[in-house]
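The form predicted alone is given below as one chain in structure tokens.
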């Protein structure tokens, strides 16, 4: 691991050793190693995934030299899968790499069990019929699937997995878990030992804002029937009371207390999003339940009993103006409470595992501790089958996108990417791939797109002529700049899914290279 720490130092700062270990255990399969697929896999190989398998039955052609940096002139006529695989192996020799010279469509049709060996499949440049088949195969095998495609100046990325649980969601902005509006006994007793009216100016300006707010909130509650400030006027008065306690202009701790006073006003208990998770039918666990749902079941027990309506305490406190002694004491109180909550949660987990007939020690202490630390932020992501989305998209959303000036180009590309597949199914080629006859190609693609819209219940809806012309002009070309961008997005989502950190995107990601915009369509 020491070598990994040196090699992957920068990324370890983002997803930690646990996340890196998950990457190094992962087995990734890439279908089609054109520029989109190669760029996706390049990023994952550099990130240190455990193993890769490249599936592509084509040979390197002269045209590939202009958009794929992982082939060169000497490889023309050779297996594209073999060439790209060798290049990727050179980037990181710690990654196990192999290739299969086979067209993905044939593999999907003839050997569906092949995909069950992988952690995740990245399927690039597949047409709709193959996407639908592969989606069902991966769902049945419980394998994560990501579709990525670049097509001229547009591209798309779509995740497909029945359910994905995220413990370390790492939101950009989240309220510190300080419990200022409901301090536990040990924190209260510690606050009682500190006098806000001390005459010592050094002590006064180094009292942590956490203590200031706890004491001020308690003082307010005594004169307001046990209630904390709730109205705008009351919150203003509360801040004024804190300001009145200052005795010098340079008391940063009191400025911090005023700025952080909103933490006192925040509602007690768990968020609606967390409530929805613990109310999920999956929290009624059985022997086949995942570790995540066992932990949720334990959390449900904790909140209803020992937690008094709250999740386990995280145990971390932010930086603040304070004397070292007071800060360390405060830190220890929060850590002790977090440890006590963890031990209670661990008992619930072991009890539930035993009850459902599983080994009580099958979920590690480290996993339980991580869950406790992140319990308020856990997320569950579920994705529709591609076939369901394609046959019956959310009609109201689709209509809204079609008429929304901000989304009409993105949804236009979404429809046209499906329309070109229908075109190809009928003509054995994509629009614009033959020289000449462009007007006829445009007319045929337009008819195909309108038919598709009618099939989706959007009778009377049309797409702009310019957009249809563009799709024909692209001729299904993969431009390297667009492929690299789509590959970057796809690989970023792969890392989120494998490490189970950060929230993967929902819906279909559409890149609009004409207007330099990226948008998500929730259909």
Partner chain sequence: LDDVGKPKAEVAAKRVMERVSGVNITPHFSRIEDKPLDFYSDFSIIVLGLDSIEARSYINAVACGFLEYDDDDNPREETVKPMVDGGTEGFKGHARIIVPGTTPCFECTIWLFPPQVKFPLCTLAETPRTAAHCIEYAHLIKWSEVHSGKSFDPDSPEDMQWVYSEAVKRAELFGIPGVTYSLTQGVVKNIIPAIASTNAIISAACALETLKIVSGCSKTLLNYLTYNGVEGLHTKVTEFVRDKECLVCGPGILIQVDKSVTLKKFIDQLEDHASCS
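Positions refer to the first chain, counted from 1. Fair warning: this is a prediction, and the values are worked out from it, not measured in the lab.
Although not depicted, the form predicted together with its partner chain is the subject of the following passage.
Although the partner is absent here, residue 328 lies within 4.5 Å of its partner chain in the predicted bound form, judged by heavy atoms. When contacts are judged by a 4.5 Å heavy atom cut-off, residue 488 counts as touching its partner chain in the predicted bound form. In the predicted bound form, residue 504 approaches its partner chain with a heavy atom inside 4.5 Å. Although the partner is absent here, residue 492 sits close enough that one of its heavy atoms falls within 4.5 Å of its partner chain in the predicted bound form.
Checked against its partner chain in the predicted bound form, the residues 461, 53, 469, 43 give one hit for a heavy atom within 4.5 Å, which is 43. For the candidate set 197, 225, 435, 73, a heavy atom within 4.5 Å of its partner chain in the predicted bound form is found for exactly one residue, namely 73.
Contact with its partner chain in the predicted bound form, judged as any non-hydrogen atom within 4.5 angstroms, is confined among 182-190, 213-221, 263-271, 164-172 to 164-172. Along 340-369, no residue reaches a heavy atom to within 4.5 Å of its partner chain in the predicted bound form.
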